[in-house]
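A single chain comes next, written as structure tokens; it is the form predicted alone.
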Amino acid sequence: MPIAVVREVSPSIAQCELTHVDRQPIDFDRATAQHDEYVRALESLGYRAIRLPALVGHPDAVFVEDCAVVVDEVAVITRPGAASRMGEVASIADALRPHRNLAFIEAPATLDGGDVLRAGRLVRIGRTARTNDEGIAQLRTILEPFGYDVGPAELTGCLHLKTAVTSVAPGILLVNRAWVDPSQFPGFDFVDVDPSEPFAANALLVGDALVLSSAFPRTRARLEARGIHVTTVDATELAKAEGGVTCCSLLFD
């Protein structure tokens, strides 16, 4: 059975790092309920959830995606670009060690998993405030021997690459062209987010299904018009912490 590594919401989530969104009050109980709904959705789609305990002193720790990049051959433990998140990494490595050989991003590199888009054998890594050139180079060195086509991607106006573009079906990417140029992903077809829903490009491909925040009904309609089955979850409270549906899990077989 495929696995989803998730982490419970930290009681300190209101002190999260923010870059491109304004700080708003975050209701911890509501965020926890939304996270539970999200995990149940993954379980309904055939995944076994490994629930890690909350890290009280780490407000962003629910966003486990940033601490690792997991492919079939290896789990790469990252070095997050926000110093406040460095303490999250060891427990993610411990959770993944029974399932994969581990490789590690080393200083002076920084790399957030949210900047790593994998679609088949194509891997594009966003060059952002959280991921530097050395992080891109180290991940390329780790993944290229396994046959991945690894390269950088440029973006603007958002935190991570997967805020702007995600894989939603074989050969199809969901994109916000205002934040990323789709020509950087050759050989793919595209679904554009509805202009009124700029953050809708963050969608999570789960087997043959797609998980999307219920806040984006117009983009959902565009996806379903392309024959993509969409499961929606309420992630609006987690979005106040600049998180999306890809951020909250590490999925692998």
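It should be emphasised that the depicted structure is a prediction, and the values quoted were computed from it without experimental measurement. Start at 1 with the first residue shown and count on from there.
One more form of this protein exists, namely the form predicted in complex with ligand CIR; it is left out here, but the text below deals with it.
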Quick one: 126, 164 and 177 and ligand CIR in the predicted complex, is every residue within 4.5 Å by at least one heavy atom?
no
Hey, in the predicted complex, is residue 159 touching ligand CIR, heavy atoms inside 4.5 Å?
yes
Is there a heavy atom of residue 79 no more than 4.5 Å from a heavy atom of ligand CIR in the predicted complex?
no
Should residue 242 be counted as a contact of ligand CIR in the predicted complex, where contact means heavy atoms within 4.5 Å?
yes
Heavy atoms within 4.5 Å of ligand CIR in the predicted complex: does residue 9 have any?
no
Of the candidate stretches 62 to 70, 187 to 195, 34 to 42, 211 to 219, the one with residues having heavy atoms within 4.5 Å of ligand CIR in the predicted complex is 62 to 70
What are the residues of 114 to 146, in order along the chain, with a heavy atom within 4.5 Å of ligand CIR in the predicted complex?
114, 130
